[in-house]
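Take a look at this single chain in structure tokens; it is the form predicted alone.
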Amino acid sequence: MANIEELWAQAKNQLSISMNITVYEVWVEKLNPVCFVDSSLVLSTITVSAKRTIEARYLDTIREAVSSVNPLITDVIITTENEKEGYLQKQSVYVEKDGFKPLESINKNKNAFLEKYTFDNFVEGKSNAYAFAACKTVADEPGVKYNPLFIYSGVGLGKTHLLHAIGNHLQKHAPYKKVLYVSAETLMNELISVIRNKSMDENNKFREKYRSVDVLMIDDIQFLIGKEATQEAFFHIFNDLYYNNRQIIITSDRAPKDLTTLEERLHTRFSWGLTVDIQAPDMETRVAILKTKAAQAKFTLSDEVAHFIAEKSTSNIREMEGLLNKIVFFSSLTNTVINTKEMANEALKDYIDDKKDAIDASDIIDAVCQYFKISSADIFSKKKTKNIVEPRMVAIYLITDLLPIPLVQIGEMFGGRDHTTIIHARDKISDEIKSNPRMKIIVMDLKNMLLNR
């Protein structure tokens, strides 16, 4: 597909040869392609005076160069940066080598992105500023800078918001670009289906789907750990896209170096671009997020209540939003204004108490087994392999941290282990949380799973 940037680059190449070099550099080189409207190419310049000069002196020459690249483009429109939004709203087509195609035919992924997630309503703070800036740069110039872009964080901290913001930005400002957003699990399931069907046609469709995109977003790449066939397929997809300057965006719940069983050649490729993380937001950012969410819900949130909610949820934005929604609902139901800490505590009392009382040791064991994809038989066994020992120690730590159970009883629960073994496991994980970001994320994720069931 000859997209708008490629087409304009070819036209500029011709103009740089045919025009006076000074004229080209002053008036033509800085023109930016905006969109196609009917059979016209829209180009933007900086000022109204520049627009008038180009239209009066050089428009015919530019039109001829553009039409020579693609005869289906019969006109060129010059606009300014301030006026281009109107043309973006009118755009109706994009260009392929064999002609124009309706914009609707490439907007199949329009519903893939939630409209509520944009850059404008993303609350920027110290914990996410680097990731936010990187995502905006990628959205403005996909495939040019930061390729691949690798984003990692614990659950509920904004990865999903940023991915959808990129998608929404591209749909608005570059709708001719083909954007694909899938989870690693979806990629894996599609590949399994292709392998089972043993159909060359299905295989070709799979390859074309992933290798024909301009921007590929893969969510939760950690699900590829241990899936050798899927890693192999993704390796080749990555190469095809990267070497053709197509943007790759990857998210994970941990840093690339902590994806320990991922193939080394994938680790290497992830390092070619930019890796950014999102930390748990500080109090100031949490309050700002709550204020933004409340404004969107047309709810007046007092500073006292905002700080109260922010203190209750320190590491998960989704949980924080849930608490806010509970207060909004309670306020509406009782027709009262909740503007003090005491009133907010009353509105959330049942939720908070139920949440704490509901957790028991079996819940923790189930959550750990689900997270690490092992069985309860493994966690209680005498196995000493790393993939079993670590989950076992994490489970022990969480039980000691969240439940008032004696160490001796916990030892009996884990196959009659001595209480000193329980102390060792507890202290080891506690120390790792302080020194190892990966372990901090694991424990944080598991607590979120348990407290937000």
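From a predicted model like this one, the values you see are computed outputs, not experimental measurements. One-based numbering along the sequence shown.
There is also a form predicted in complex with adenosine-5'-diphosphate (ADP); it is not shown, and the following applies to it.
None of Phe380, Tyr117, Tyr242, Phe372 but one reaches within 4.5 angstroms of adenosine-5'-diphosphate (ADP) in the predicted bound form through a heavy atom, and that residue is Tyr117. Checked against adenosine-5'-diphosphate (ADP) in the predicted bound form, the candidates Pro142, Gly156, Pro148, Gly167 yield a single residue with a heavy atom inside 4.5 Å, and that residue is Gly156. Just one listed stretch, out of 185-193, 233-241, 122-130, 332-340, contacts adenosine-5'-diphosphate (ADP) in the predicted bound form at the 4.5 Å heavy atom level, and that stretch is 122-130. For the chain shown alone, Lys349 is not a contact residue for adenosine-5'-diphosphate (ADP) in the predicted bound form, no non-hydrogen atom being within 4.5 angstroms. When adenosine-5'-diphosphate (ADP) is considered in the predicted bound form, Lys178 lies well away from it, no heavy atom lying within 4.5 Å. The shortest heavy atom separation between His161 and adenosine-5'-diphosphate (ADP) in the predicted bound form is within 4.5 Å. When adenosine-5'-diphosphate (ADP) is considered in the predicted bound form, Leu224 lies well away from it, no heavy atom lying within 4.5 Å. Residues Ile289, Lys293 and Glu321 are all found to lie within 4.5 Å of adenosine-5'-diphosphate (ADP) in the predicted bound form, as judged by heavy atom distances.
Heavy atoms closer than or equal to 4.5 Å to adenosine-5'-diphosphate (ADP) in the predicted bound form belong, across 411-428, to no residue whatsoever.
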